[in-house]
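To begin, one chain is listed below as structure tokens, in the form predicted on its own.
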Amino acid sequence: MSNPAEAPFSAAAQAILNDLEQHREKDIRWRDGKAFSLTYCASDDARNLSETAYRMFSHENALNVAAFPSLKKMQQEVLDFVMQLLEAPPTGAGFMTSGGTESLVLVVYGALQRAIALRGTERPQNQRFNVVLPSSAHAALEKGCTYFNVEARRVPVRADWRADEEAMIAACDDNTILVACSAPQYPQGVVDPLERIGAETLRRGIPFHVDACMGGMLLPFLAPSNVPWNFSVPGVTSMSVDLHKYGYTAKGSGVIVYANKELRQHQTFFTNNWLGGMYGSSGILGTKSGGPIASSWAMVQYFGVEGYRNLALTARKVALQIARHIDAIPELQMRAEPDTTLLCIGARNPESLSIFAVARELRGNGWYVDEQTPPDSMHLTVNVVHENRVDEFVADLVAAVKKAVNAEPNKDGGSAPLPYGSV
């Protein structure tokens, strides 16, 4: 088989490719290490391998892995690798997804279908089923609740931004079909406490999901022994991990793992109620490219456990370097000491400095950072691509703060943060 990366192009095709290169001239410079959001890059070699593996299987259809046993084999081997990192029980089972959003929407859907199956036709009288979430939990959980007409019952976090265990438990009732926490949560980068919640959900028979989309490929190598975060916590019934984040795979690569196949079966869909025969699907998508599966498999083979350990330790080192520089800038403060590699930065005195003005000064200098609220903050997702950019970034950050302090109020910063996701 020829390598797709070496396939020649006709003049017409090459002209189209040249146009595509021009189209992305104004995109964020993630390959250069100037983006602290949305993208992840371990090395040029790993990226080239990932992209080539993706192209090799981009037209294979993972809707039917019986027709493409290569995809079935690769998916299972990726799942086995991730389940080992999560300390899943021997009964663990899962599927690959397109990423964190699909994983979390499916967690809500599976919990709803399980509740209906256990209750039969019984539904809450004049009430809805509910999912209990800390206010820091990812928006995709709320998206799932909206899709399936389930109440998203948000619970305020503690002063340290972590889930309030007692308040979460108090928010549960007979109509609670799911409780979810994060490892770590995205906004401030801290791991929620799980043990007390897990014990209570286990006692009451409520599924307990841990969203490790950000931390699933980091915490196996970074988490202190006194920070339980995975299936080792009694009561945890499912976890989600994004491979296209700190697994450094091509986009569209996620994993959802359940403690057993009985829990997993509620996420699947089967029907023969049409003229086309039996139709089965593991997730929201029907037809889906085999590219993300192949990319994920290639990265797991390329890095292995020790490779991912080195990547995690490097990203953590870089994140802490930046955090210590931020501590030394009088006008800024860290919202929390990061548990992994996510940095949340605020203005020490918001009356004299708009953190959004700082973020936009950085963007004007080619850096891409997130803005979020409440409270008004700047967010950095640090990975290994930033290792050689720390000094440059810090110098530009100091300059951005100085310029923002001297700017006219609201002239450069505005009052509303730029969105993390957009349509």
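The first residue of the sequence shown is number 1, and the count goes up from there. Bear in mind that the values here come from a model prediction, so they are computed numbers and not experimental data.
Omitted here: the form predicted together with a small molecule. The next part is about that form.
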Original post:
In terms of non-hydrogen atoms within 4.5 angstroms, which of the given stretches 157-165, 93-101, 194-202, 316-324 touches the small molecule in the model of the complex?
Top reply: 93-101
Subject >> The unique member of 82, 214, 107, 131 whose heavy atoms fall within 4.5 Å of the small molecule in the model of the complex >> reply: 214
Original post:
Here the chain is shown alone; which of 264, 153, 114, 138 has a heavy atom within 4.5 Å of the small molecule in the model of the complex?
Top reply: 138
Original post:
Is residue 186 close enough to touch the small molecule in the model of the complex, meaning at least one heavy atom pair within 4.5 Å?
Top reply: yes
Subject >> Any non-hydrogen atom of residue 244 within 4.5 angstroms of the small molecule in the model of the complex >> reply: yes
